[in-house]
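Starting off, we have a lone chain in the form predicted alone, written out as structure tokens.
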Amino acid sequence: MKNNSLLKVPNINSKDAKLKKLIYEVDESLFHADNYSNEEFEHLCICSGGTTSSCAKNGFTTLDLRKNYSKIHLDKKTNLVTIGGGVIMGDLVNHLQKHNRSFPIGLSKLPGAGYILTGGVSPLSRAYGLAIDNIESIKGFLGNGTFISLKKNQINPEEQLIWEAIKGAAPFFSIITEIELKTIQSNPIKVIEGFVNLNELSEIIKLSEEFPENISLQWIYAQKIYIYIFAELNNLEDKRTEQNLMLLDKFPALEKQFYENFNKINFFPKELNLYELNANNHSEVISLLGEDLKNDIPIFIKCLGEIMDNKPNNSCYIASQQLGGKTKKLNHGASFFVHRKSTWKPWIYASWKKNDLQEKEVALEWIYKSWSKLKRFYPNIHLAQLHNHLNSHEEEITLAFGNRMNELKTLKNIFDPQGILPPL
């Protein structure tokens, strides 16, 4: 169908794109090279939830999986859930909640299955691993049109590399239409949250690097700094959890909230005045990865203060999630999320008034300068967004896939020879 109306997605950049075409079905015609013109480096954009700036572009075709690939089915015997490639994470946890199950989704309920396939960092990841660590099977198509169906414990040697690459790098050579996932028991959650200053953030980061696996720290520095300490209560008598949470009693502005499950939590309250849903703004975000800060915490905090003093407008911020625990131990070497030693996933978010090219340039310049300052603490990239429209794309990809980059190029050459899917 021709795109008469705009694609309705959460990402404003993509929402405003003037598409060439919008399609809803994966079929043979999709893989004909003559659908894509090489002069403009055109490729197919994929929309699973619509939170990225790369799910639609001017003059490009978008495949929107949300309409025809949005089934969710929980097998009550195995507690495995099968979802379509267009399932939104909020819908997944809502469905699971009816059966007292959950899944480690991220801080936002808006992303689709792309959240899972690019790694999937959650406040629950320290206890249950990344989203990709919980994949049991997948179905979909390679970029050359070949149908694939892979099951975790039934992979033959020829399929092994494809299986590993789908976990972390799927968008470059495949379209995934179905994923089977492990689910987890839904437990009560205690959240300690509130505004803190830079010195308090410094102390809390130090404490958090000693947290047990069921506790994680999330923070965001917009106009002010807001933190969430997230504790899953598997066992209400857990002394270690209590001891760790008691260390936070000395921060007077923090409040304790009790939630019956992960599903009930809404991160980043309105008081933070975040501008992400401001329909007049376009934005980009770059996600980094690094290990424990340890003795570097004071230098990092100073650097963070300097970056925020130089932000071009109030819509720019820096935030961070904590990994570690199971993400360091699980599935070692068996996925294309190669930075398993990471403890922190900070991201730099910049926004500008759409159509204001000068402000856009200034905002992107701020992202790049901030990134170069943070590289000493966080040398790697978590490729949660594809930036093949930005100058940083090649460096981001190299820093995301590290020693597996050559394998990814090989898979791309074999399984997407016409470059129908996003480029490396």
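Bear in mind the structure is a predicted one, so any value in this text is a computation, not a measurement. One rule holds for the numbers: they count along the sequence shown, beginning at 1.
The same protein also has a form predicted in complex with a small molecule, omitted here; what follows describes it.
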Discussion item. Among the candidate stretches 357 to 365, 45 to 53, 373 to 381, 394 to 402, which one is within 4.5 Å of the small molecule in the model of the complex when only heavy atoms are counted?
Written reply: 45 to 53
Discussion item. Does any part of Pro422 reach within 4.5 Å of the small molecule in the model of the complex? Heavy atoms only, please.
Written reply: yes
Worksheet item: in the model of the complex, does Ser108 have a heavy atom within 4.5 Å of the small molecule?
Response: yes
Worksheet entry | Contact test in the model of the complex: Pro171 vs the small molecule, heavy atoms, 4.5 Å | yes
Discussion item. Asn68 versus the small molecule, in the model of the complex: is there a non-hydrogen atom within 4.5 Å?
Written reply: no
Discussion item. Under a 4.5 angstroms heavy atom criterion, identify the one residue in Leu288, Leu117, Ile83, Ala165 near the small molecule in the model of the complex.
Written reply: Leu117
Worksheet, complete the sentence: The listed residue (Ala231, Ile176, Leu201, Ile220) that reaches within 4.5 Å of the small molecule in the model of the complex by any heavy atom is Ile176
